[in-house]
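To begin, one chain is listed below as C-alpha cells, in the form predicted alone.
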C-alpha cells in the first residue's frame, strides 16, 4: 500500500526518531439467540489507520479513516505535533525505546473454514438446535447462545524498515442455561472463552451434547445446598476457573506499565514491583507461569505486536519466583531491560497500543496426577468449575472469586453439589498454597476476549491455560 511509505517518509522528514503506521480493518459479527428468539445479529466493519510518532522522548498518536495522500500527510503532522507538545510538558522525563530490528513478514491465523464464509442461516440453525435442546428440560426457563466472530486484517510499517501483513481471527461461542426452582434461579454456562481458529472448532465441540450437559447441571445447581459459614478448606480448581484467577492475580499485576504506575484504569496498579524481580516468592515451587505469544490457537498470537516486535515465550514466574513482566518497547528500558517482550497491542485502528497481558498459562505438574487422584487425595474441600464473580483490590493483592459449578469434597469423594460458593485470599498466600497440579494430559487453554484497560477504554484478548490444581487452607464459604 502506497500510504505506508508515504507516512513513514513524512514522519522522518518531520524529525521523528521513530514512527509507525497501522492500517487495520476489523470485522465483528455477533449473533445472540435467547429462547428461540433472535435478539441481535450484527456485522460491523471498522477500517482506518493509526500513526505514531516518537520524538524528543515522547509519543504522538493520530488516526483517520480517510485514505488519501493529503489526509495521510495531515495525520502524520497531527501525530508529530502531539509528540512535540507531549515532550514540551514533560521535559525532565524522556521515554526511551528498547532496540528492535526490522522485519518483513506475514502471519495468518491457521483456519480450515473461515467463519465469515458461512451463511448466517447455517449458524442460526445450529444455535436454534442448541436452544431447543436446553428448553426440552423441564425447569429450564431460559436458554441463551452468544456467538462472536472476529477478524483483523492489518498492515504495519515502521521507520525501522519493518513491513508486516497480519491477518488474524477468532471465534467465541457461549451457551447458558438458567433453571428455576422454589423461588431461586441458577445458571450454568459453557464458555471456552474463544480461540484463534476457524469454524471447524465449532463443529468439533458437539454443542448439542454440551447443551444437554449444562442444562442438566443447571437443574442440579438450582436444587443444591449452600456451603454455610466461611471456613479454611482446600480448593480444587479446574482450568477454566483458574483462567480468570490467573488473569486477575498474575496477568494484570505483571503488566509492566502497571508496575511502573503508568496505568491504573480498570485494574489498578501492582504490588509486584521491580525490586522483587528474582527474589519474590510469588507462589509455591510448583508455580511456573509462562508468557507465550506463540501459543497455537492463542488469542494473543498474532505474529507481531503493534510495536513490530515478534511473538515470544518466556517465564514470568519460575519455580514460584517472580521472574519477569510483560513489556513493550517503551516500558522495558524503565527497568533496564534491553528488549521488549512484544506485549503492545491496540484494539481498533483508532486506539493507541498499550501494554497488554500476553497469552499466560500455568505449566502442568511434572508428576503423573489425574483430577480423580487429586480429589481422592483431598479430605475436606470444594471443587470449582467455570468462571463466576470476581473482585480484586487496586494493588492486585486481596481478591475474591466465585465460580460456575461447585462440589463439596469429603474424604476424597464428590459428596454433594453446591451453589453460591465464594473464596477469598491474597497474593502471595493463594499461589503459595498450591501443593498439587495435574499433569500435561489435563492441561487446557481458555480465552479472554473482553479484557478492559485504558482511557479511553479498549478491549483486548488473550489465552490462559492450566491443569486442575489444589490450593490448601483457603477461606471458602457460601454467599446468599
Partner chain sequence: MNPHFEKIAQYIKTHCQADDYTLNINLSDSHETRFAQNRVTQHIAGANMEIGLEVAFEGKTGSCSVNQSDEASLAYLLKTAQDIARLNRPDPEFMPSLGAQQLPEVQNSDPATRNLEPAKMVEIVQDSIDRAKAFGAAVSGMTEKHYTERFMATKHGFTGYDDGTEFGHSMTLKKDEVETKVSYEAKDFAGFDLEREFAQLLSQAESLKTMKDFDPCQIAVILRPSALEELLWFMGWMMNRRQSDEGFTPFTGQLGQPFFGEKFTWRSTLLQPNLKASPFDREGVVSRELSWVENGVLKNMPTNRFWAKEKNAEALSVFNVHIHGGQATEEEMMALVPRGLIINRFWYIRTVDAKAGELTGMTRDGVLYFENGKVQNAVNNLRFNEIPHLATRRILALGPERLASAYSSIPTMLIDGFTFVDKTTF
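Remember, predicted model here, so these are calculated numbers, not experimental data. Positions refer to the first chain, counted from 1.
The protein also exists as the form predicted in complex with its partner chain; that form is not presented, and the subsequent description refers to it.
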Subject >> Complete contact of 107, 164 and 296 with its partner chain in the predicted complex (any heavy atom, 4.5 Å) >> reply: no
Original post:
Okay, which stretch from 366-374, 316-324, 134-142, 191-199 lines its partner chain in the predicted complex, with non-hydrogen atoms inside 4.5 Å?
Top reply: 134-142
Original post:
Of the residues 378, 178, 347, 301, which one places a heavy atom within 4.5 Å of its partner chain in the predicted complex?
Top reply: 178
Original post:
So which of 103, 146, 399, 339 gets a non-hydrogen atom within 4.5 Å of its partner chain in the predicted complex?
Top reply: 399
**OP:** Evaluate residue 86 for contact with its partner chain in the predicted complex, applying a 4.5 angstroms cut-off between non-hydrogen atoms, and reply yes or no.
**Re:** yes
Original post:
Can you check whether residue 420 is within 4.5 Å of its partner chain in the predicted complex, heavy atom basis?
Top reply: yes
Original post:
Any chance residue 55 has a heavy atom within 4.5 Å of its partner chain in the predicted complex?
Top reply: no
**OP:** Using the partner position in the predicted complex, report whether residue 414 sits within 4.5 Å of its partner chain, counting heavy atoms only.
**Re:** no
Original post:
Going by heavy atoms, what in 23-37 lies within 4.5 angstroms of its partner chain in the predicted complex?
Top reply: 36, 37
